[in-house]
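Only one chain is included here, represented as structure tokens and corresponding to the form predicted on its own.
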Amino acid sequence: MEKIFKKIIGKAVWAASGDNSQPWRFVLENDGFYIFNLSDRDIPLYNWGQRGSLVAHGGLIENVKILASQEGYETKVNLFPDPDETDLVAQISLEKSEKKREPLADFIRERATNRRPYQNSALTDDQRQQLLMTVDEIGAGRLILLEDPAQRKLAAEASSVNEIIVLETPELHRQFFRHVVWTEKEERAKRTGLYVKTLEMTPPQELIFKLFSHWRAAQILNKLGFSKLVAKSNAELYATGAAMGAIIFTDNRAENFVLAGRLLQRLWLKATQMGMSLHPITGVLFLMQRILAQEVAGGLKPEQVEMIGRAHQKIVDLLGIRQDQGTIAMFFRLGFSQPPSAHSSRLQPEIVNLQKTIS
């Protein structure tokens, strides 16, 4: 069984995670394994209550279920089995079953964040139906697709507020640029972090981005209005595509963010299968999680908190929901585009065999 577990885990870790943080480790035991969260991997201010990392774990778990089914195993998932072990996300048990052809398994390694401009071509009825069916396949959550160009433009402008906040707040600036990987050599060595080539910038944009990584230079550029220019440029990018999508749950319990990750991963694999690209846009949403929990930190000024709140409210209004009707767990754009010009690598997963350790 150990060989099967390692085979499944080795491919399942090609799930999305914040800045490619890969916040997981694995402990094998008997007929399954435990998945633990590495709480120091992702950017803290965007990861209130580890909600961002839990979305990543959900994507990992969905991959496990798909891959195990193809290997001839039925997967049982027990989320947060030990309330005293806060980093223990899931206990996974595999039971022998019939092998099933899982077409989505072929796209686990192919799936990637694509930050290129997308074509403004509409979804077909079949594409829309296939995407919306993902909710029933997971058995939880709600999926809303914004397809009207005017609505997408407004949602994109609201989402781009995050760029102003990041570039004008010292602590967020420090945390963000600490995760940037600047060269291919560094990316191959680290195999984690936000590889700059995946940002799809032109050489002049990359030069300015490099300047922005130095806080003193960022302060000067911000006085010249560059943070707002970056936000405007990104808003135009975010508005391209066929649709913007939101995954919504009734509340912000940890379990729901794992389920949101499963739903996103399955939908993303379907989109990849259709030849479509997807780009999560979550900064405003995750900062708002912290604000709603009244745990604002990191040097955010009152006016910035208000700015985030207004942006979040605009997205909520565009989706036609009230804040008391649910939590937006994920937000993204999707559409057709050229393939991404670069991909992030993955670390070898940390796997411990408990039985061998004990013996």
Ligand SMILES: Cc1cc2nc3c(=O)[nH]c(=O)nc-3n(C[C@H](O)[C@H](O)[C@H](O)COP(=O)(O)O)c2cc1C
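Keep in mind the model is a prediction, meaning the values are calculated, not measured. Residues carry their position along the shown sequence, with the first being 1.
Below, we refer to the form predicted in complex with the named molecule, which is not included among the displayed structures.
Only one listed stretch (27-35, 287-295, 49-57, 301-309) carries heavy atoms within 4.5 Å of the named molecule in the predicted bound form, and that stretch is 49-57. The named molecule in the predicted bound form is not approached by Gly245, whose heavy atoms all lie more than 4.5 angstroms from it. When contacts are judged by a 4.5 Å heavy atom cut-off, Arg266 does not count as touching the named molecule in the predicted bound form. Although the partner is absent here, Val64 is not a contact residue: none of its heavy atoms lies within 4.5 angstroms of the named molecule in the predicted bound form.
Proximity of Gly283 to the named molecule in the predicted bound form: non-hydrogen atoms within 4.5 Å are present.
Only one of His173, Arg115, Arg152, Lys197 lies close to the named molecule in the predicted bound form, with a heavy atom inside 4.5 Å, and it is Arg115. In terms of contact with the named molecule in the predicted bound form, the residue from Met330, Leu45, Leu334, Ala68 that brings a heavy atom within 4.5 Å is Met330. The partner is not shown here, but in the predicted bound form the stretch 19-37 reaches within 4.5 angstroms of the named molecule through a heavy atom at Asp19, Asn20.
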